[in-house]
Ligand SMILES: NC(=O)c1ccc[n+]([C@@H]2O[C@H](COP(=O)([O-])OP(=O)(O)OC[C@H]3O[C@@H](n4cnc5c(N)ncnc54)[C@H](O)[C@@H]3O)[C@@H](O)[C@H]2O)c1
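Quick setup: one chain, the form predicted on its own, written in structure tokens, and binding and motion questions come after.
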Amino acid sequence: MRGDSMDKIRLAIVGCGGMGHRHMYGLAELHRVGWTRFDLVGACDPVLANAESLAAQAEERFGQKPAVVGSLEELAEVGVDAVDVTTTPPYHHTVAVETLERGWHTMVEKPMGLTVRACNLIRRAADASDAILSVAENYRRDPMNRLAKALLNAEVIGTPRFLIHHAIGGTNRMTISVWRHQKDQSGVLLDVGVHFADMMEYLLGEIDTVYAQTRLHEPIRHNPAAVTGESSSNPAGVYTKWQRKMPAEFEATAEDAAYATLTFKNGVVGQYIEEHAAWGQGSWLRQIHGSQGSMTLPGDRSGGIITLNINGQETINDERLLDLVPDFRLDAVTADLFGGDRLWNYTFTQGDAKNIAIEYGEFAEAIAGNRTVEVDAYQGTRSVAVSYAILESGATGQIVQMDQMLDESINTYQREIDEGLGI
């Protein structure tokens, strides 16, 4: 697939705000290392100024300007084979269902849908279509998380017993955008939580039950970019121009803290804190304890180093990690992007673009028939269901079974969101 000798895949980005720009930078990073199967031919957004911005920056990077259009109907006239859906979450299911029905291969940004029901609509459309559906979940693709998975598979800490997953910080500041604090738009426990849900299931298998407390600690959020022009939450630095136009202060309607106990089908127990309203010292911890030792993972997309503490041995947190997994190899796309197929750390600052580039590389390989997608509609739905299982348990005070989340028999918290979506 690498290089220019293969047939090009005509690609359009649908949704050209901050996430759409981040994805375009990821595609440019993929092209930079020689994986040029995609030809970006369309920038689609009803806000034409956003589409124009993305198209102009794409022209600088690819040497040709994609067509600027405001609808899928206009995009059909351009002629596309595949789309990357980076709209805000309430539109993921409406866009993805239509693109799949049109036969366009579809990659959709996480969360796959705004609710489990929205995800199931996409799943059914994917099942009925010959087109490929991939969910753009990039944390698991980070080379350090690939190494962690290999170490777990090699049983270097023995049989996993329990997980501690803490992400604590936030105060009363806006997280990236206003909509990430609105229940009907994709609250922060969903928007961030699906990343963590996917990572937990990637590392340890499927979650079975969830019992949680949830809170809305900070109902008024503050956006410093509207006051000073500088943001406190701005991944890849692409959101500044939009944040400066957002209100300086606004009401949050989505919960901002979750404290949960998770059980996995394999018997592992997880203690999970996702706290976006914490004051004082923040904290990050993803640690797995097994029957012979423990593994402490670095933050996602940081290039940090895994630390192993195995009974009777000195701490391992250097290149000796690779000695424990002699067969570990990163895939060809990742190896080209990160400069090697056996990494134990990295120091690149553009981790965001590189991990998105990996998503695109896999998507192209799947379209070419060389592999299947890793995060399919089922796994994308599961990640949304785990995040909502936490919120459903918090709303009802009950232990929630994941099977009941997936079949929509539990939807106390989600009901009004589904009603607002008309589904």
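In this text, residue numbers run from 1 along the sequence as written. Worth saying up front: this structure is predicted, and the values here are computed from it rather than measured.
Note that the form predicted together with the ligand isn't included here; everything after this is about it.
Proximity to the ligand in the predicted complex, single hit among Arg173, Arg117, His195, Arg123 (heavy atom within 4.5 Å):
Result of the distance check: His195.
Among the candidate residues Phe328, Trp344, Phe250, Trp179, which is the single one with a non-hydrogen atom no more than 4.5 Å from the ligand in the predicted complex?
The option sitting close enough to the partner is Trp179.
Please tell me whether any heavy atom belonging to Asp45 falls inside 4.5 Å of a heavy atom of the ligand, as the geometry stands in the predicted complex.
Looking in the predicted complex, residue contacts with the ligand include Asp45, since a heavy atom lies within 4.5 Å.
Within a 4.5 Å heavy atom cut-off, is Tyr91 in contact with the ligand in the predicted complex?
Tyr91: contacts the ligand in the predicted complex.
Quick one: is Asn50 in contact with the ligand in the predicted complex, heavy atoms, 4.5 Å cut-off?
Judged by the heavy-atom cut-off of 4.5 Å, Asn50 is in contact with the ligand in the predicted complex.
Does Arg22 reach the ligand in the predicted complex, with heavy atoms at most 4.5 Å apart?
Output for Arg22 is yes: heavy atoms within 4.5 Å of the ligand.
Okay, which stretch from 203-211, 141-149, 92-100, 318-326 lines the ligand in the predicted complex, with non-hydrogen atoms inside 4.5 Å?
Answer to the contact question: 92-100.
Stretch 204-242: residues contacting the ligand in the predicted complex, 4.5 Å heavy atom cut-off:
Heavy-atom contacts within 4.5 Å come from Tyr239 alone.
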